[in-house]
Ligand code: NAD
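Below, in structure tokens: the form predicted on its own, a single chain.
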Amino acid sequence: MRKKEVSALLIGRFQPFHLGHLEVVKAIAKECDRLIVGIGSAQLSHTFENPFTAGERHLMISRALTDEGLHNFFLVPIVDINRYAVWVAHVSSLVPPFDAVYSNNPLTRRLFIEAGYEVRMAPMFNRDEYSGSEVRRRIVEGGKWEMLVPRGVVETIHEVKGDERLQEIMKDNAPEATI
């Protein structure tokens, strides 16, 4: 009889996937046999808060995890439905079965707890520097951002011209957009 694998679910927007995310994934990978990464707000892109498409984020994460030697993962885009009463069922219908959810988001934690799932806190790593908003801010301002993200993410952002996209978004929407 096959030993039961322990699966964990981590949901984030990953705009973009940075070194803090990578450290979280590596820590969770030590505790489970299979990791499911839910790419949240998959329908959003081309804004300052959500500049990258779900496909671009999928490529970023896949490259970063593969470069780290991690292979037992699933990446699943998750579109927002904006109905909290059915959101957990929505997520569960999209991803492989999982045993635990890792999240520090209070709403995500509450919804999964109420649905009967084991919810664990995701470890935090240097949040002042490793945050999507910090990476995006540096890109917009022409600063050094590449050292905050894995190599595969740098490659993807350059390939899709995501740095140029962010700068154009901010230039085109300067009065409304804030960093």
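These numbers come from a predicted model, not from an experiment. One rule holds for the numbers: they count along the sequence shown, beginning at 1.
Absent from the display: the form predicted in complex with the ligand. The rest refers to it.
### Query
So in the model of the complex, does H71 come within 4.5 Å of the ligand, heavy atom to heavy atom?
Although the ligand is absent here, H71 would stay clear of it in the model of the complex, with no heavy atoms inside 4.5 Å.
### Query
Counting only non-hydrogen atoms and a 4.5 angstroms cut-off, does L59 reach the ligand in the model of the complex?
Taking the distances in the model of the complex, the answer for L59 is no, it never comes within 4.5 Å of the ligand.
### Query
Would R127 sit within 4.5 Å of the ligand in the model of the complex, counting heavy atoms only?
Yes.
### Message
Please determine whether D80 contacts the ligand in the model of the complex, using a 4.5 Å cut-off between heavy atoms.
### Response
It does: once the ligand is placed as it appears in the model of the complex, D80 has a heavy atom within 4.5 Å of it.
### Message
So the ligand isn't shown here. In the model of the complex, which residue out of L111, I28, V154, V119 has a non-hydrogen atom within 4.5 Å of it?
### Response
So the residue touching the ligand in the model of the complex, by this definition, is L111.
### Message
With the distance limit set at 4.5 angstroms and only heavy atoms considered, check whether R34, P96 and A115 all reach the ligand in the model of the complex.
### Response
No, the whole trio is out of contact, none within 4.5 Å by any heavy atom.
### Message
Within 4.5 Å of the ligand in the model of the complex, counting any non-hydrogen atom, which residues from 8-27 show up?
### Response
I11, G12, R13, F14, H18, G20, H21, V24, in sequence order.
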